[in-house]
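Here you get one chain, nothing else, as structure tokens; it is the form predicted on its own.
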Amino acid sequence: MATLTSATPTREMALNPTLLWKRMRRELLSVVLVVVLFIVIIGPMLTVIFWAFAEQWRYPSLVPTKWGLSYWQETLTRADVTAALPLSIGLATIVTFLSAVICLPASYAFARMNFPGRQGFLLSFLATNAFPRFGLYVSIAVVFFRLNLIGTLPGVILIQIVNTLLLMIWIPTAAFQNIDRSLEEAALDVGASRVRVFLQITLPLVLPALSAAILLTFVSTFYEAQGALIIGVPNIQTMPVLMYSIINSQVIVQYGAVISLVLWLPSLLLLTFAQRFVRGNTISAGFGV
């Protein structure tokens, strides 16, 4: 019976050329969309990977004519690269730590406390990301110039913390809000202190979301270039800023491709790990606070 039922659509399409044509058109459209997606997204990524391992790549060949790792050695032994890479990692670590110290208590307050203007404060963090970044950084740079923070590490840290507010406020706020309060109340009823309830019940429940927020914050800080470029010049040069300067001043494409992969691979690993914890509605749930 199931065989007859499954075969019915095929038999109908064989008898009705219009249905067959409609199905073929839908499948053809799907194939075209996949090809376009490959060309637009995967194509440039493959090009960067090819250039990073290319010794020679001459027209009209579609792939490098000679492969090798010599440009990796040349790029990673450059003095500016060996200085910028640990600086970027250290800077991202400091910004992530400070952002967690500042934002996580605020997230708990947004989720658990009722106070006037709470929703407006939450939306204000979104405004920093909705506003054009370059104009925002220029405005901040004017203030930082008067405070002698241009070209300093504290100045770059402050400007990059601005980028972390949305992730480090909204994701933990949604996590704290979605906890079943009855679990905490049951622990309090049997005599547990509020500190113990937070450490043994609340924190384990929100830890996946907090971990994801921290990882995403680290990745976004590691990638951030505009703020570091405007505020950090001429003394602070991170890897993304260095990549800009190398791409603009060098005719050797492989240098920029190697640095792009050095920036991309750690971020890919961290994002792959973080996506296990972040649900699709984690950030949008902050609107419901």
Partner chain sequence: MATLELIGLTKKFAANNAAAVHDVNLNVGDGEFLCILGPSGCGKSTTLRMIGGFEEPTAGDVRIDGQSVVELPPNRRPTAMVFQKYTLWPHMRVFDNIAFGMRLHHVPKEHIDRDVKNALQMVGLSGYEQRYPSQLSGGEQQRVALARALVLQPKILLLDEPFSNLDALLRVRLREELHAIQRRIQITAIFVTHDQEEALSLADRIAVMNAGHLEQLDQPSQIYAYPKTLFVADFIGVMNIFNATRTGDSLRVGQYALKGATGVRGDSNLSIAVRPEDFTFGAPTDSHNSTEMWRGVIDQSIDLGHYRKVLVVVPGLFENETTALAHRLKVYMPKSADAKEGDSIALYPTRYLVYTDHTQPIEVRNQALRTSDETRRDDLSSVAVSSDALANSG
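Predicted model only: the values in this text are computed from it and were never measured. Positions refer to the first chain, counted from 1.
There is another form of the same protein, the form predicted together with its partner chain; it is not shown, and what comes next is about it.
*Asks:* Quick check on this chain: which one of T77, T93, S193, N148 has a heavy atom within 4.5 Å of its partner chain in the predicted complex?
*Replies:* If I apply the 4.5 Å criterion carefully, the residue I get is S193.
*Asks:* Among P204, P154, G120, P86, which has at least one heavy atom within 4.5 Å of its partner chain in the predicted complex?
*Replies:* Contact check passes for P204.
*Asks:* Just one of 210-218, 68-76, 180-188, 167-175 has heavy atoms within 4.5 Å of its partner chain in the predicted complex; which?
*Replies:* Checking each option against the 4.5 Å cut-off leaves 180-188.
*Asks:* Can you work out whether T82 and its partner chain are in contact in the predicted complex, taking contact to mean some heavy atom pair no more than 4.5 Å apart?
*Replies:* No, T82 is distant from the partner.
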